[in-house]
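Take a look at this single chain in structure tokens; it is the form predicted on its own.
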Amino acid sequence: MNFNHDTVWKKCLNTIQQNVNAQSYKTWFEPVKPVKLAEQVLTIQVPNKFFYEWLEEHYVNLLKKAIRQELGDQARLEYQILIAKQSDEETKRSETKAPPKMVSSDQIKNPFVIPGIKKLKIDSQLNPQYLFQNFIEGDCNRLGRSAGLAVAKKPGGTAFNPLFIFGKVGLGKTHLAHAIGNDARVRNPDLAVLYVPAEKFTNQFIDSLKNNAVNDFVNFYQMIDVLIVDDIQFLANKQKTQDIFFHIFNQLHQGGKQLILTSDRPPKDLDGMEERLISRFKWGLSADLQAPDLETRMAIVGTRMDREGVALPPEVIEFISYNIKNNIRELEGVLISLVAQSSLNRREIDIDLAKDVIKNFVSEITKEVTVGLIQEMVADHYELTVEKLQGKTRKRSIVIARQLSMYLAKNLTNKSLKSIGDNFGGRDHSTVIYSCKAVRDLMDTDTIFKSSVQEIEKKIRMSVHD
């Protein structure tokens, strides 16, 4: 049977998707493109060297399994690393204007210096509280954090230049950007590291125009070794600011300096931005920060409270993490309010206090999904008793209901496999694993059963809202 590279890779992706979580699949496999198929060798294109190294380190066995399943035991996978190039039009545009003439550092006006104070030493503008140590890693941010560490160790010396960090508000973009800068300075104190919000950069440029000091402005920024520009989307529709940033970007990049940019959207969605700038933003690595999962949110809460010297009961940590889902900044706001309420009102931090605080942040408090609730819902659907789900009967209809209950408990709660098994008559973790696999296999082959699972899951989620 003849296959082309697209067909084979699509089949491989089907296998891969069944073995990794949705976020990992989106991050590491959706950007990969099949290039060619020669006999039993499939060539795939990856965005950069870091992608190649990550796939080889973390997914090599899964890739081997997928490719050999489609092309046989002798099948091999080869990589092609994408190298972004300027278009002819971009090259011409970048050559039409010569960059400002470089001058000695003692002649350059520092836009961060207060007027009247002569001081050229660069203040990094970094927040010393934003460190890698308190940036909790999860599937939601692993790519960005790993790339950020690589950049901090070797600014300008990796394939991630620029490092473009994007994601919705409150997911840690600014924290990660500061952490990279702080870590880079610790490793090399002589580095000129600068953090600047895009709006501040724009205002400084406007001031330099008013004061006829554009050359000083540009030359100052060209002295930076690691330039971090936050919220780059705010340069949209500012033509002159984009022009000057384009030249600064080119000079720094060509000089082996590191650029780190953050945005609330990926480069391709930056409306009002010059195409030549968008093209350069894509040169390095674009890292997407997603909303953290429950386990990551709980780790964030625990770490933050440890720093504050406050011990939270586990049920409070779980309750807060379960209700604040999409914004780390909001999560930290809840914690600050919780500690303040406890201190000012001399109340012990418990579930009741947590509920009172969270009501100010969310309009609807979500109850916890418990294994018991899942058992009740499944038993009701199949017209069984919970005792039968927990019992030892091997009747097929009851076995399927029991396996489905375990599957939903694994997906909808943060309970360990052992804990889930304990709720089903003391069954061990291997039984839970087998049950989850059995349910997934049945869903793949039985559309009616799959619809039943989706219906039960919907009922469970609806039932936990006040």
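The first residue of the sequence shown is number 1, and the count goes up from there. Remember, predicted model here, so these are calculated numbers, not experimental data.
The same protein also exists as the form predicted together with ligand ADP; that form is not shown, yet it is the one meant from here on.
Trainee: Identify, from the list G156, P197, G170, P267, the residue with a heavy atom within 4.5 Å of ligand ADP in the model of the complex.
Mentor: It is G170 that has a heavy atom within 4.5 Å of the partner.
Trainee: Would you mind picking the one in E332, D243, D352, D207 that has a heavy atom within 4.5 Å of ligand ADP in the model of the complex?
Mentor: When ligand ADP is considered in the model of the complex, the option within 4.5 Å is E332.
Trainee: Among 131 to 139, 246 to 254, 340 to 348, 371 to 379, which stretch has residues whose heavy atoms lie within 4.5 Å of ligand ADP in the model of the complex?
Mentor: It is 131 to 139 that comes within 4.5 Å of the partner.
Trainee: Verify the contact flag for I328: yes if a non-hydrogen atom of it lies within 4.5 Å of a non-hydrogen atom of ligand ADP in the model of the complex, no if not.
Mentor: It does: once ligand ADP is placed as it appears in the model of the complex, I328 has a heavy atom within 4.5 Å of it.
Trainee: So, I300 and ligand ADP: in the model of the complex, are they within 4.5 Å at any heavy atom pair?
Mentor: I300: yes, in contact with ligand ADP in the model of the complex.
Trainee: Report whether the minimum heavy atom distance between T174 and ligand ADP in the model of the complex is within 4.5 Å.
Mentor: T174 belongs to the contact set for ligand ADP.
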